[in-house]
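Before any questions on binding or motion, here is one chain by itself as structure tokens, the form predicted alone.
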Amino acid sequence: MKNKLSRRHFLSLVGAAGGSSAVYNTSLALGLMQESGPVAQLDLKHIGRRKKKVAVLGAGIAGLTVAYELERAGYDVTVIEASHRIGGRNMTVRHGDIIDEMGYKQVCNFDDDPEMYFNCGPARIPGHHRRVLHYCKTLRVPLQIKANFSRPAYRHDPERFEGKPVTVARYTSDSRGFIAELLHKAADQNAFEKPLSTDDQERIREYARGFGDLNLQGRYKGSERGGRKSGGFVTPAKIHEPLDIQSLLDSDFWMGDGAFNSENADWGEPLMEIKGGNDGIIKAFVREIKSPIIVNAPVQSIELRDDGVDIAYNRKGKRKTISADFVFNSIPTHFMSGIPNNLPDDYRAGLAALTPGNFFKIGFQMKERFWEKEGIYGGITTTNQRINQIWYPSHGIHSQKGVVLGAYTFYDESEFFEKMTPDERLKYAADCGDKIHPEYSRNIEAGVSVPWGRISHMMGCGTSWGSGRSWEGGDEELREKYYKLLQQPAGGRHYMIGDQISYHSSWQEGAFGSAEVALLDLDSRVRAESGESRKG
């Protein structure tokens, strides 16, 4: 008796082989679809003469959003920021900027050129991150397309293919060709829990042929998608022989970003970036916000009262206080246990249940755009070396110089680099780059490293629930227990915000979303005081 394969299980196999884009297109072929929802309309009630004072703790994306929206609605707003700079983890560095790392003070020594910049935090904006795009449009922040995926870029495994980099095009085309061949055969077998109809089978066979560039017999014999070996213009095209499937499987191509970095929902193209650096949205908020933004002012205590909140902070060595009707707090949750407060016990337990993530980046200014000679214009090379990724700039094509992301690591690999001095990090990353591009290290003119786990007033990037470190958000039981509680204002006065209070930690969209939820809740409470209710 043949093994049975349900539609759901079939789609899961397609996802394992081809990522989210493959699942989407297969679902489309079977008549299944999903759609995301629109951005909420804030339409906050203007409070008129009933002045209400709001303290915003933290001048990152969430805090600036709250300040911007409440100021427009007539609130008296003050923003208090612990760091010397505004923007939180949205940080773009240029000539002369400081990397405020604990133990090391780096100064960016790129050329004094507006095109020589490095996005240390957010570096790409997906098209479905509608809140980010809404504010870019509202604040007139210019955008440009960012190439996140480049077929001429490389996948590099030092243990396979003689340690030589292989183009993403060959890796992708050959692996999908083999998988598509299997899918084509599986559809022919008709061994399903609920048998696919004849039309379903033909649709899947057609999809498999297109997905893997199979021949009419459903076999993979190589593809021009993997790049031509030679010819194709004035002489006949010759294509590469397929890579050995066993070598592909033995490599770590299937793990992490290597196979599917263009399929991840947040990486699927087209992606965008802000012209001149992603801190452009921070600058736009600052231009619009008239309320005071006090920097170099770490919070020292938070005291809830029945009719408001008292905030103490340090400014130039002096303790200052501010009393507000409401507070919106984007301080990293792992700092809250060290800040005296009288928040409810269960609320504090929820804050303590969140664990900070740990990301690391390096930026190199290159004196020559050598990668363009290899046909690489934007996109990412992935490698099994500790640097993990190399990003190529999408802007400034055919200029003399460019800034390359020379490492992007997470968790354990980030800790590996944190133990080094800044100079040691740059040297290590340069050596890794030489194994992919022979011209790499000799083109490096300047570099900076950004270990978010060691950046003052941050000590982390993103959060997960519980002690484990997971891309999926960690312990779902803890999230179930505390997430909705943390979305509510403690004592009706204290709102916790930031990407940490979202399902999309480490992305700006999560920060905007958390601010939206908190603002809508406050607006409902203010309207209720005057006997109104929100519509919709």
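For every residue, the number given is its place in the sequence shown, counted from 1. This is a predicted model, so every value here is computed, not measured.
Although it is not shown, the form predicted together with a small molecule is what the next lines describe.
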Legend entry - Site test, L351, T463 and E516 vs the small molecule in the predicted complex, non-hydrogen atom cutoff 4.5 Å: no
Inset, instruction - Name the stretch: of 123-131, 415-423, 433-441, 367-375, exactly one has residues whose heavy atoms fall within 4.5 Å of the small molecule in the predicted complex. - result: 123-131
Inset, instruction - Give a yes or no for Y68: in the predicted complex, does one of its heavy atoms lie within 4.5 Å of a heavy atom belonging to the small molecule? - result: no
Inset, instruction - Could you confirm whether T92 comes within 4.5 Å of the small molecule in the predicted complex, counting heavy atoms only? - result: no
Legend entry - the small molecule contact in the predicted complex: R176, any heavy atom under 4.5 Å: no
Legend entry - the small molecule contact in the predicted complex: G88, any heavy atom under 4.5 Å: yes
Legend entry - Selected contact from V327, V448, I331, V404, since only one has a non-hydrogen atom within 4.5 angstroms of the small molecule in the predicted complex: I331
Inset, instruction - Go through V286, A82, I99, A169 and name the one with a heavy atom inside 4.5 Å of the small molecule in the predicted complex. - result: A82
